[in-house]
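One chain comes next, on its own, written as structure tokens: the form predicted alone.
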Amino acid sequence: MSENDRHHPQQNHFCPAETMSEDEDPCRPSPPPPPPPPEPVSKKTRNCAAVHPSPHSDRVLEIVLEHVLQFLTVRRDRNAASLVCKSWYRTEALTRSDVFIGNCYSVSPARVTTRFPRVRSVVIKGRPRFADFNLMPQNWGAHFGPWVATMGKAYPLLERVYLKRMSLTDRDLCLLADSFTKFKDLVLVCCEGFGTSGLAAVASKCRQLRVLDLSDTEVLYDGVDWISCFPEGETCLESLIFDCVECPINFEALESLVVRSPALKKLRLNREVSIGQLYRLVVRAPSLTHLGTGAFGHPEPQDPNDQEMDYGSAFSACKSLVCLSGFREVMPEYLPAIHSICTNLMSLNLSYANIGVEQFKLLIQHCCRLQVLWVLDSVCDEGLQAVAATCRDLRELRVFPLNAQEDVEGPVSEVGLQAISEGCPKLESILYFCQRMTNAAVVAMSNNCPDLVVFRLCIMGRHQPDHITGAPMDEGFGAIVMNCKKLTRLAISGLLTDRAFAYIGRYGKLVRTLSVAFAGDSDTGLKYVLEGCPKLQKLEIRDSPFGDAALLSGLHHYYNMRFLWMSTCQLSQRGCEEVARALPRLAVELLSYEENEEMDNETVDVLYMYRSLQGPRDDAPQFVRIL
């Protein structure tokens, strides 16, 4: 299970990332013919023109287009605009302030900076999502170094960097802090490779820093007190998230930083912050809208002469609080302190809080406005029934397993799922881990929650059928794709035959991301999907019986996808090589699970394919073979 699950465009031309609409296409429309020569004018007219020159008509159109494109914010719309003609292509590039790179190896940093010279915000993603499940060997790549080195020279006005599943070093962070004098936002999700020294460089040198968010990111503790490195005086901080940082925190420096940051709205603390320290911070920052509580337990010994801490009153003063998370070492006896603020909560993350059913029911009955809820399955079916009775406006639900082992008796089942579907008709997204399920419950959800956009059902026991009828789960997932017309993301599991994949191929016309685990009968199942889902962008498959015939059935579609991942399937190197020959602009990587050994001539542990403009990467480790 990915910890990232706990936290928070397409075109006909080949495109390596959703913002990269360039491909130097020789078929682009040629420019219009030059206008006819102007009529002769008098000397007086010529003199007036010299004093008040009229801009060329093409330039007037470009100026108008620049103003129009500023209102175009959706990436797919901008990509489409860039394909109209050469003039629009140039103008769109000059007016684009943010770039999204869905795969760091899909295009070179130099090509991005040449194509888009005025960028202020960059989003770069690295390893595929299955890396979160330890399915990708360590040290695969996705290094930030080449990107920050190139952007440091090309984008002096860069303000925001968002990285996901990237590897970066302290040196990279130091270079970032030194290169961008107006840098404001740094968001790192599922990243690794750096330590507190790198954070200290960002904190001390980026004096306009507004956002420093570290989510599910591994930070090495090298003895540097990074919290103390923020500049003295009032700061610009609006968001500070470090709940994943597993190292001691200088609380006095943190408290001083909170006091010096009047604009601070989001604060998520790590487990080193006790409930007593949390009390002091909440008292000093009552205007927070998002709070991560840290440990939420283990108070320090209190001096008998000190006034007793009234946690309930401190939380009650936070009138603006709408998002609450943390509770990493929760002590249930302190939970009533937050009851007073639950009425205003829109989002509640209890995915680290191992609390029992009764404590949860006492808490959830106050959360009548809740739209987002993440919990552990320790709340049981009874807890989910309480959610259904109270949270009628719920839009997103995630239920994570306390014990992720297979073939154990799970505390949530089809009972909880059906209760949610009946009580929360506005539900749009669900991630549900369980040990058993029935087709009837899944069908009920498809009927009761037709606005579902994301449906991820993870039945942890392999090849588990409907536990009441013993039938495959085909009809349940078939109902989801048939009845949920807005569905774009689907994760399937349990005992599934080719019939389930036929349903997906026939009705899943908007599905963009499909995850498959331990499912399928034959190559025919995957063929149904590849031939029937025109919007498919990301396809993740593990431990399934698909082979070369299934792989080759998607040759017509792979250039339109961001990536394909297949691990522990029935692929041969010959089939992968055939794909590489047929699609030369596709990067085809074969990975071995034995990091220090070269793969043999037949075994394919992992196939990872993605579209790329730059050709094979030059930093592949020994266990990666690029075809």
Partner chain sequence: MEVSRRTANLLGGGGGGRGLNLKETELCLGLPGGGGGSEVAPEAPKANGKRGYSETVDLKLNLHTKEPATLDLKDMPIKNGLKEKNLLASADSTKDPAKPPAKAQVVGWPPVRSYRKNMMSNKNNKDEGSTDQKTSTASAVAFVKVSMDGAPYLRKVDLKMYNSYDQLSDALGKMFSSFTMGNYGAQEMIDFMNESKLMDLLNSSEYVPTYEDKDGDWMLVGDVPWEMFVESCKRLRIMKGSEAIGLAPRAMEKCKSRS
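This is a predicted model, so every value here is computed, not measured. Residue numbers count along the first chain shown, from 1.
Here the subject shifts to the form predicted together with the partner chain, a form of this protein not shown in this document.
Shown alone, this chain has one stretch from 550 to 558, 346 to 354, 386 to 394, 531 to 539 that lies within 4.5 Å of the partner chain in the predicted bound form by heavy atoms: 346 to 354. Between the options 290, 75, 143, 271, the residue in contact with the partner chain in the predicted bound form by a heavy atom within 4.5 angstroms is 271. Distance criterion of 4.5 Å from any heavy atom to the partner chain in the predicted bound form singles out 400 from the list 400, 334, 89, 105. Against the partner chain in the predicted bound form, the set 126, 171 and 214 makes no contact: no member has a heavy atom within 4.5 Å. In the predicted bound form, the partner chain sits beyond 4.5 Å of every heavy atom of residue 260. Residue 497 belongs to the set of residues with a heavy atom inside 4.5 Å of the partner chain in the predicted bound form. Looking at residue 244, you'd find a heavy atom of it within 4.5 angstroms of the partner chain in the predicted bound form. In the predicted bound form, the partner chain stays beyond 4.5 Å of every heavy atom belonging to residue 183. Of the residues in 119 to 135, those that come within 4.5 Å of the partner chain in the predicted bound form through at least one heavy atom are, in sequence order, 132, 133, 134, 135.
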